[in-house]
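Heads up, the chain below is alone and in the form predicted alone; it's given as structure tokens.
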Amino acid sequence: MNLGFIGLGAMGRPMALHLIKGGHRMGVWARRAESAAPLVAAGATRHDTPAALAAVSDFVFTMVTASNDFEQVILGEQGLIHGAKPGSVVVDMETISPAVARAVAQQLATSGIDMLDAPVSGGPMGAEQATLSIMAGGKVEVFERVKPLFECMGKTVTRVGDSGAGQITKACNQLALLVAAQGVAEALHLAGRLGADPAKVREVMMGGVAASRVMELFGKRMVERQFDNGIDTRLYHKDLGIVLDLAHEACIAMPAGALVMQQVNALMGQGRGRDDLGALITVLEGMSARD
């Protein structure tokens, strides 16, 4: 198939490479030539604009950062909508507002272009290993067309509903992840303050009901003080902002989410937006040091 990919960072680059390895022709667009270089070296063709890329693609995947980035790439002056052919498909794989996903899908539909919102979970490691969990929203028939391509990038591929449902599912995923990470940080911080070895405490908890993927990954980074890998905290800050906006619009109480946002805001205020989320434990340590 003729594929396009936009957003060639820590997640998008390996995802696009897996699609090439799946035997598909790949075109890319990136603002910086160095971002596209690994894909070009693997056989991809670099295009000058998103519109030019869309003109030669049956499916275009995006993995940009935020809602406004996605809107610009799709609807901007040289956006995909100006080059995409009727019957082609845009697949939004970043985490953005469900409202934006739906609005863009509706605008693309007026030009005969289909769209799926299909954010992912699994982080850079999942992208590298093609083990991502992919949650898609959109028409059943469009999902079935794209599913073989999703299977080049992920292990768990699920259509969760109509347009916007993928982004809603991702928002729920991020809420659960962030609240759990705060709980892990508080438990390990408490252990250390009371004189227990946080590494041993985590080891015990990993064998009981408190065990979780969050405890496994982020707890390990907290214990080992490894805050320079994984996904940037600034991206979780963006995601949690989406969650709280959704809760506000729906008049739903979100006490735990609001509390975690305070902790993430503290990290951002310290200029640590590019640290791993495991750095949440340092906010608690700083609060205790002042007590």
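Start at 1 with the first residue shown and count on from there. Predicted model, so just to flag it, every value in this text is computed and none were measured.
One more form of this protein, predicted in complex with a further copy of the same chain, exists but is not displayed; see below.
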Any of the heavy atoms of residue 180 lying within 4.5 Å of a further copy of the same chain in the model of the complex? yes
Residue 37 versus a further copy of the same chain, in the model of the complex: is there a non-hydrogen atom within 4.5 Å? no
Does residue 83 reach a further copy of the same chain in the model of the complex, with heavy atoms at most 4.5 Å apart? no
Is residue 99 one of the residues lying within 4.5 Å of a further copy of the same chain in the model of the complex, judged by heavy atom distances? no
Answer option from 153, 135, 74, 115, heavy atom within 4.5 Å of a further copy of the same chain in the model of the complex: 135
Counting any heavy atom within 4.5 Å as contact, can you tell me which stretch out of 182-190, 103-111, 137-145, 86-94 lines a further copy of the same chain in the model of the complex? 182-190
Using the arrangement in the model of the complex, list in sequence order the residues of 162-183 with any heavy atom within 4.5 angstroms of a further copy of the same chain. 168, 169, 172, 173, 175, 176, 177, 179, 180, 182, 183
